[in-house]
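Just one chain follows, in the form predicted on its own, and it is written as structure tokens.
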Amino acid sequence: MGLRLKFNILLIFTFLIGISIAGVIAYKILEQNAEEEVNQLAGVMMSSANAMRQYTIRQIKPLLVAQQKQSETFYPQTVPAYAATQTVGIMQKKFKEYREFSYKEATINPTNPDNRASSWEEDIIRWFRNQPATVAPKRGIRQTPNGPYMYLSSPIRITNQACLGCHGHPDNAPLAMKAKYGSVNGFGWKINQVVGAQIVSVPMTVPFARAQKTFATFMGSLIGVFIFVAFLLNIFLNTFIIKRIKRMSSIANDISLGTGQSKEFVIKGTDEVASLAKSFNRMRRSLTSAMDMLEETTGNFTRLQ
């Protein structure tokens, strides 16, 4: 087994161990970063929805309430949940990062049946009801038949007395709204009560896909760098070590066969191989001198006889 083969086997073995360790660590870090990125995007979506809710309550609803009473026509644009949902829908169409996200304003007793909370959403709403008003958004992972989903939720708490104009007693609610949704659901809400939750959810396949894509790029780059470095190391090994050793081996072979008239090994550099070459040349000269002296002595002895 040649020196080059031994060197490359050791290099590949070392690389496989290093890339395995680096791969495990890198994937965990990338997966964690991908989850954090998805959580940040979910937070941006939630903040955008909240901003639209506040804008609707403070500026859009006061403008349309009077017109709604006069025309007896219900305008969904006056409903904060409608405005928030429409805003999120526009974000999902415009930005590909949000296409896998879903947004819902889940309510236990909603006016619009589409907003009725499912069983797991009801659990989140009840959890918020048992927490103080200053509780932070709730994050978590839930298991579904389609795989695990990450979710970010925030409570919908009645803090504005104006909200009870539509959701307090049915008699005080706009006629147009009752005509559209009836006078049974969406009423009896109270101030400071948590009636629902804003929930942003996304399948775990999204952060996993982000992590895998980045991981593939990272590992491909790492392998490319290794191949390039291995190529340079092999050139260095061949130029500065193997060629010199082969040349010294050839000279030593000539000397052992008695044809020691080969030129001296050309010394270049000051490294360890060059130092070995200097010692080799001194040994060659000493051996050549010794052989010459032996031949001369042998010749003289023969003549004397």
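All residue numbers refer to positions in the sequence shown, first residue = 1. Quick caveat, the model's predicted, so the values are computed rather than measured.
Form predicted in complex with a small molecule: not shown, discussed below.
* Partner-contacting position among Pro137, Pro110, Pro170, Pro203 - heavy atom within 4.5 Å of the small molecule in the predicted bound form -> None of the others qualify; the residue that does is Pro110.
* To do: Quick one: from Ile156, Leu152, Val88, Ile124, grab the residue that has a heavy atom within 4.5 Å of the small molecule in the predicted bound form.
  => Contact residue from the list: Ile156.
* Quick one: which of 218 to 226, 140 to 148, 94 to 102, 176 to 184 gets within 4.5 Å of the small molecule in the predicted bound form, going by heavy atoms? -> Only one stretch passes the 4.5 Å heavy-atom test: 176 to 184.
* Going by a heavy atom distance of 4.5 Å, is Ala162 a contact of the small molecule in the predicted bound form? -> Heavy-atom contact with the small molecule at 4.5 Å: present for Ala162.
* Asked: Given that the partner is absent here, does Lys61 sit within 4.5 Å of the small molecule in the predicted bound form, heavy atoms only?
  -> Although the small molecule is absent here, Lys61 would touch it in the predicted bound form, with heavy atoms inside 4.5 Å.
* Indicate whether Phe128 is a 4.5 Å heavy atom neighbour of the small molecule in the predicted bound form. => Because no heavy atom of Phe128 falls inside 4.5 Å of the small molecule in the predicted bound form, the answer is no.
* Can any non-hydrogen atom of Ala81 be found within 4.5 angstroms of the small molecule in the predicted bound form? -> Close contact exists here: in the predicted bound form, Ala81 approaches the small molecule to within 4.5 Å, heavy atoms only.
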